[in-house]
Each structure stands twice: as structure tokens, then as C-alpha cells.
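For reference, the chain that follows is the form predicted alone, supplied as C-alpha cells.
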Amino acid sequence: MAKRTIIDPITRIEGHLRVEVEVEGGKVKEALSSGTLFRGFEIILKGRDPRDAGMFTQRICGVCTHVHYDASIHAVENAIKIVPPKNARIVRNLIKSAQYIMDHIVHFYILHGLDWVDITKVLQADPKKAEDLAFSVGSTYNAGRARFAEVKKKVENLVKSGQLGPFANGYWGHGAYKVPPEAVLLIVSHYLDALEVQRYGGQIMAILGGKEPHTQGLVVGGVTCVKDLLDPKRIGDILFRFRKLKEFVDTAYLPDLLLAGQVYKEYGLQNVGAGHKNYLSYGDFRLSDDTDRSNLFFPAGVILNGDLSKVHKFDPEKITEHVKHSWYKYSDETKGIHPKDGVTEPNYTGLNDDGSCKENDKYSWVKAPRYDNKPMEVGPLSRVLIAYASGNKEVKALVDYALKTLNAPASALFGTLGRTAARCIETKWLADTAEKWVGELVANLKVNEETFTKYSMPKEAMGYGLIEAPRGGLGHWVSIENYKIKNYQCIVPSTWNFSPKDALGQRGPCEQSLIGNPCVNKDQPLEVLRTVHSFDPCLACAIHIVRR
């Protein structure tokens, strides 16, 4: 076997991930993704009160903490068959939408942006030309030659100091960087602004959830922030922050995305990083108070083989987890197990002597979820494609606008560039909607102040909470016996996206997306990182153990 390029660890992500690629003729021929940190998180839930599960599970991750809290609460509510009142539903939507907007802004500028933008080109940029460019493309947030001169000076001082910090090991000067200097200066300026702007999302979450990270405002049956909701000042604080986030999305994030997208349009036209083209969304953000989840802001559904002419109905019973190439043991590793019956028995077999993955054996602590025995990509691209194919007017308008600006067909959405664009489109969609939800909350509070549904905990029950986290479909399954948790299982977005091969030899979504990916310089695999980062990996979430 040819010598592999090993990237370990992958940085600018949450958790421990290594990716191995075999490159031939400037393209990736084989790819393996491996979660390298074993965690025992879920085991502590066994025997605990189901109502406490949310407080524990949101510690799974230090980035997307709230969504685990939300999924856990939904799982218990599903098990005991209750629905929270309208005010609680809207509050939950507002907290989560704030996290989405904040999280996506951070991903584009802080985690993923430097895969597309060579920060050293700032030194070549003319602040006046950068100002002209900013106003020509509508990227006017905090724009002006004085601001751009200030940012350029900061970068110059950083270079002169010799202490580059997080920028020290970038592949600067790599030939795959195409964004011109003035555009780089513009985007780097907004990189710095994003560090400030993202806190508005955290503040909204703290106002409604008590604190952030690790909010405390959800309970089984509803939310706890009754008095806060009745305070006009608090409502004003929330509105102000949503408007500031929307301003940044409209006048920085979206135009910057489209500016970079035009430079890298060939990525979309060539479907770089497209993978299996199987897309899954559980659906989320409930718009009505029902038990069947039929009215959702993010529609649920499945797209197979990139066919946008049909959205298949999502059936949670078709989910299974496989361990043929994961460091766990099943009695029959040729078959998958539904998460409600989850079995996790560690079986670490190590790596090859040269430190590479054992391609024909086990090589990851991440399991391999499958839907109807098919690998499925989850995340913003899946949600946007399913909404687009389902005829959602808002999403269709945003997608068509982006495609028209890029002069590209809908098929250009498949792959690395599409994931990056879809995340921005989704952010715009939510930013445009959040203020309406605040208005709906205020109107409903005038006639009904209920924020909690009373219930009795049954002795035995089983349920699941299927929501959408910023990174994709998130599922929690809970089994209750003698009023306590008997079994608990999570399948998180990065479990889907960074799964290893299954018993049929099917690669996980990220692995498949890397096949055929360009990699001109094996010692500087920038193009590989672009595709990996486009999924926004969170390996801290993806690896767990549960004991039965």
C-alpha cells in the first residue's frame, strides 16, 4: 500500500480527529477518518433520575452544549408523552436559533475561513481598494479604509513579533489559495469582528437560559424563565441582540461568503467533496404544539443519490449503528443495532506499526450509523437541500439568489463549497425569522403565561429526542425502568459524518467526500482540510460508551 499522508490532530475543531489519505496523481485515492479519544460519558447516566439527564448530557461538548440539553429534554418528554406549552416551545426555538447563528458565524470566520483565505496576503492589500471592494459587494459591516488600515497594521505587527500564535503552522503561500489581497483584508477584518459579534448569541442564550455555556433554563415539561419573559427590558435586550446578529449576517457573512464563493466556484462546478450525496434531516424548530412533529421550521426528510426531485419520508426506526471498523464488539458485527437497544463494548485493537489505521480492521472510536443501511450526511447542507427540494419559499429564494450570484446550477451545492454556502444560507434564514418568533412570544404572553406542563413520571418508559444541532441531526434515546435511567444512547452529527466503514465496506460521509479530492502537495494537504472542516467536526460529541 502506498504511503499515507496522516493529519493528526485535525485542528480548529472540537475533539480528537485524525484523517489519513492516500494521494495519487494529485488526488485522494483512499481516505480513513479516525476518532482517537475514548470517552465514557453516557455511563454516568445509568441509574439516575431521567429529569437530570439534560444537565449531564450538555457537558458532552464545550461548543454545542445546549443542543444536547434540548435533545435530552425532548427524549424524556417523548417517553412520558407530554408536550410543553406554546411559550416554552417558542423560548426553546429562540435559545437554539441564537446558538445556531452564533455557531455558524464562528465556523465560517474562525474555524473554516483560513482554509480559503491566506492571511499573509493582508500585507499586500491596499486599504482604499479594500474599501471600494467592500461597498461594491455589500460587505459594509465596520468597513472603511481607516478600519482596514488598522487591521493591516495589526497583522504586520503580529508578523514582526514572530509570535504568530494560532496562525503559526498555516499553509501560507499554498497555491490553492485564490482570494486576492483586498478581499483577504476585508474577510480578515470581519474575522476580528466575528469574535465580538458572536457573543450576542451567547448573551441571548444566557438571558433565556440562565447562563451560557451550559444553560439551565430547560426542564422536562417546559422552561423556567417565567419572570424574565414578562419583563419588557429583557424582551428588548433579546431583540437588540438578534438585530445585531442579523446586521452582521446581512452586511458581512453573506456577502463575504458569496465573494469567496465566486473565487472558488470551480469547487462547486466540479462537485469537489460531494461524497455519497445521501442527505438526512430529522427536522426541528417546532412551529405548533403537537406530538407528531409534523409542523417544523426545518423539514424532516431524506434525499438519496443527489436526486432533488424527491424527498423521502424520514423513519426513525431505520436508524442502526455498526461497529465492524469501530473499536467495539457486537455478537454479530455484520449487522447494525438500533440505538434504543444500543450496545457498546470496547474492543481496542490498535493501529499499524507505522501509526496508520488498519484499513481492513478496526480503526476508530466512532461507530458507523446508517439509515436503511446507507451512509447519510447530516448538517446545514442536508437541511437546506431538503427544504429546497420540499419547496420552502424562503430557502428557495436564498438558494436561487446565491446560485444566481455565483452563476452556478443547483448541483454546485453538492460538496465542500455547498456545505460552506448552505451554512450561511441557513444562518440568514434563521436570522430573518428570529425576530418574528420574539413577536409571537410577546403576543402569546399577553393571553397566556404558561411555560410548564405538569406530568407524572411513569415507572417504565422509552423515548427519543430527535432534533437538529448546528452540525446536523442529533438523537438521544432513553430507557426508563423503576423511575430511573436504564439505558441511554446518543448519535450525534459527527457520528454520522465521521463514521468509519461499515460491514458492507461503505465509507462514512467524510471519507467518501475525500475520494477524488485534490491534494497537490501531500506535505501541505490544504484541500483535504477544506473538505474535513466543511463538516464542522465535533469528535467530543461523537464518541461515547453506554453500559447495559
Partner chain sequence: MEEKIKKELKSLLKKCDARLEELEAEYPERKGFMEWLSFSGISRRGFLKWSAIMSATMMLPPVFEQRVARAAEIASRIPVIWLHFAECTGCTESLLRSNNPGVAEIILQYLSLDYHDTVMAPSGESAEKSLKDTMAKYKGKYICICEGSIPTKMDGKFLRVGSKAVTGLEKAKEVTKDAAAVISIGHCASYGGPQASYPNPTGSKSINDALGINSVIIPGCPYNSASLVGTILYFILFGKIPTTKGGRPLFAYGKRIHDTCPRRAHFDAGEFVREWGDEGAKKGFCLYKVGCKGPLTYNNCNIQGWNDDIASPIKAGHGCIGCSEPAFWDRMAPLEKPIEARILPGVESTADHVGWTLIGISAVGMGVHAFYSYFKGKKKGYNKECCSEHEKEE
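Computed from a predicted structure; not experimentally measured. Residue numbers count along the first chain shown, from 1.
Beyond what is shown, the protein has a form predicted in complex with its partner chain; the following relates to that form.
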Partner proximity in the predicted bound form: Glu440 to its partner chain, non-hydrogen atom cutoff 4.5 Å
no
So in the predicted bound form, does any heavy atom of Gly175 sit within 4.5 Å of its partner chain?
no
In the predicted bound form, does Glu22 come within 4.5 Å of its partner chain, counting heavy atoms only?
no
Please check if Leu114 has a heavy atom lying within 4.5 Å of any heavy atom of its partner chain in the predicted bound form.
yes
Picking from Gly463, Pro180, Gly170, Pro299, the single residue whose non-hydrogen atoms come within 4.5 angstroms of its partner chain in the predicted bound form is Gly170
Name the single residue among Tyr264, Tyr191, Phe285, Tyr371 that comes within 4.5 Å of its partner chain in the predicted bound form, judging by heavy atoms.
Tyr191
State yes only if every one of Pro85, Phe108 and Ser390 has a non-hydrogen atom within 4.5 Å of its partner chain in the predicted bound form; otherwise state no.
no
Where does its partner chain sit in the predicted bound form: which of 25-33, 475-483, 502-510, 56-64, heavy atoms within 4.5 Å?
56-64
Listed by sequence position, which residues of 142-160 have a non-hydrogen atom within 4.5 angstroms of its partner chain in the predicted bound form?
Arg147, Glu150, Val151, Lys153, Lys154, Asn157, Leu158
